[in-house]
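Next up: just one chain, as structure tokens, the form predicted alone.
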Amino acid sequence: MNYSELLKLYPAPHCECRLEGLYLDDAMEHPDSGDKPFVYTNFVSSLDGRIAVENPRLGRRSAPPAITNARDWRLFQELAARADAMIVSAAFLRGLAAGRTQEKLPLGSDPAFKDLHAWRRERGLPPQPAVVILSRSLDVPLAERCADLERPVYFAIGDGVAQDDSAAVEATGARILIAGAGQRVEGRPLIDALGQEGLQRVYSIAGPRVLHMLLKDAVLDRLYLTHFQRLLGGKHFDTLLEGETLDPPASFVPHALYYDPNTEGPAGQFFASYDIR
């Protein structure tokens, strides 16, 4: 794969640059002083806004094969390499454990990502970022399976969730974070709790509902978005955001923009990132 054909469009100066390492050097410092974590997320979208479509083989919606590609996947892995912790849903991990999903938790073991493991070692980081599971229950079997992930595991729950199984969950090595009122996890209590754990870069790889949660509580700092230059159509799909109308709406300013013509087929893609204001 040739990594030298990426065009930097913003900010100036315009230039050619390499894909490999693009996000490893990206500034990720919280604009406020103190111990607030820097929170970021990442999506790949078609031009008509599809981030997931029906997948009959998997029996659920998944990222459209027409827009997923190895170059975007490389940057997904780089963002994971930067993270102290990754936010995931309990449903995703259950599907992963049951073999219903093709995705694997980064950092991947593919030799193509060997440099990312080295990057973490050189900076004294653990081999893998921690996993923060958003859940409405303390799922002991899931906690037991997560013990095989070889990384720290946190279960984030609301204070209304029954905690009868807390001892069994903690016996697997997982930590429990109370991060919201009632049955649901909320954005600000979650990020505050992760900050208290010393986790300074938090990467959400969850879906549109979790993005809504982070935006609603104004704790997201940056959105990374790959715009793949294809229109997909279809009747059943997911878009970037799902939930009630945000009031006020979340406003962003550009952080960086790159054009990548080096994809399979005639379509290219933009790698964009936006900082929230």
Ligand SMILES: NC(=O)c1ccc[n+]([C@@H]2O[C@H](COP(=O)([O-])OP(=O)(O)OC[C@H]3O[C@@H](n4cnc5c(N)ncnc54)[C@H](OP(=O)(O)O)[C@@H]3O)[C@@H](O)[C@H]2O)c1
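The shown structure was predicted, so the numbers you read here are calculated from the model rather than taken from an experiment. Heads up: residue numbers just count along the shown sequence, starting at 1.
What comes next is about the form predicted together with the named molecule, which is not displayed.
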{"item": "Among the candidates Leu199, Ile205, Ala193, Val131, the residue which, in the predicted bound form, approaches the named molecule to within 4.5 Å (heavy atoms)", "value": "Ile205"}
{"item": "Contact assignment for the named molecule in the predicted bound form, among Arg184, Arg175, Lys114, Arg188, heavy atom within 4.5 Å", "value": "Arg184"}
{"item": "Non-hydrogen atom contact Arg145 with the named molecule in the predicted bound form at 4.5 angstroms", "value": "no"}
{"item": "Partner proximity in the predicted bound form: Leu75 to the named molecule, non-hydrogen atom cutoff 4.5 Å", "value": "no"}
{"item": "is_contact(Ser89, the named molecule) in the predicted bound form, heavy atom dist at most 4.5 Å", "value": "yes"}
{"item": "The named molecule contact at Arg136 in the predicted bound form, heavy atom, 4.5 Å", "value": "yes"}
{"item": "Candidate stretches 35-43, 228-236, 22-30, 243-251, one within 4.5 Å of the named molecule in the predicted bound form by heavy atom", "value": "35-43"}
